[in-house]
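Presented below, as structure tokens, is a lone chain in the form predicted alone.
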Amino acid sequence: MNRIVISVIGRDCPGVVYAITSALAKEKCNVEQLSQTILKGQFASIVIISAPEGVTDEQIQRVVSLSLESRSMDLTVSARYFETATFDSGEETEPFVVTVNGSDQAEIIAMFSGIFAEQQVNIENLKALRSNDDCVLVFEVALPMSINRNAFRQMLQAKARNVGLSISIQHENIFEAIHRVPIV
């Protein structure tokens, strides 16, 4: 089996996920992982598939593109062979959630992602939301076990304070327990 990663981006409309996955199913491809979101009417997805031997990334790109085009969907498809991630510090990590909020500023994401990069903290998921002049950033990060958590927290808090933002740093388990909505 070949593993192929596909990205699809463009104007959203109902049926996009069906157009992608039905085209893949016809080619006997199995979806291993799929992530998709809509941002201000723009569809974005990344899909990792297992494809039968002999099926190429070019074929998959063409098949998915034709499926979308046949439904008059205006999206761009890119496919390539899956490569194992090159970043592996070999160090054990713990999942943390860093939430930043306050007045919107152009450099906020670069500011905090720069600190993460310097400290070898990998961002595994990021959501950035803007409403009026306020913003909320939610970074899901993999914090290396060797990092001094207090020093890291103080560094982030000082940076946030210097630019008039508030910040929260919580272990993922605590974050989820606090934000879990009970089902009645």
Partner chain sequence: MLTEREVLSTLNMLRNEHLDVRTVTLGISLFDCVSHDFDVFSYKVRAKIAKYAAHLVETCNEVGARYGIPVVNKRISISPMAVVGAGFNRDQMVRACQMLDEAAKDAGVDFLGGFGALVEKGMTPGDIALIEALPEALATTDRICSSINVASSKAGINMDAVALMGRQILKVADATSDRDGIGCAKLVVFANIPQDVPFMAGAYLGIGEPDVVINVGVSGPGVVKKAIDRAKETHSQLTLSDVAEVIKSTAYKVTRVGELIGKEVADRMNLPFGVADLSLAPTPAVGDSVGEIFQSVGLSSIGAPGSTAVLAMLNDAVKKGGVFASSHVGGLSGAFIPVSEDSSIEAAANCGALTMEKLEAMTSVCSVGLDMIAIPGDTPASTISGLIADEMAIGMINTKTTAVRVIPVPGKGVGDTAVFGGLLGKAKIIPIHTGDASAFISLGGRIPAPIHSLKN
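Residue numbers count along the first chain shown, from 1. Because the structure is predicted, anything quoted here is derived from the model rather than measured.
Unshown form predicted in complex with its partner chain; subsequent notes refer to it.
> Tell me which stretch of 43-51, 111-119, 60-68, 134-142 has a heavy atom within 4.5 angstroms of its partner chain in the predicted bound form.
Looking at the other structure, the answer is 134-142.
> By the heavy atom within 4.5 Å rule, which residue out of A25, V163, I174, I9 makes contact with its partner chain in the predicted bound form?
Answer to the contact question: I174.
> Would you check, heavy atoms only and a 4.5 Å threshold, whether E94 touches its partner chain in the predicted bound form?
E94 belongs to the contact set for its partner chain.
> Give a yes or no for V16: in the predicted bound form, does one of its heavy atoms lie within 4.5 Å of a heavy atom belonging to its partner chain?
No, V16 stays farther than 4.5 Å from its partner chain in the predicted bound form.
> May I ask you to state whether I38 is within 4.5 Å of its partner chain in the predicted bound form, using heavy atom distances?
I38: no, not in contact with its partner chain in the predicted bound form.
> Would S103 count as touching its partner chain in the predicted bound form under a 4.5 Å heavy atom rule?
Residue-level check for S103: no, no contact with its partner chain.
> Enumerate the residues of 150-171 that have a non-hydrogen atom within 4.5 Å of its partner chain in the predicted bound form, in sequence order, or give none.
The stretch touches the partner through R153, S166, I167, S168, I169, Q170, H171.
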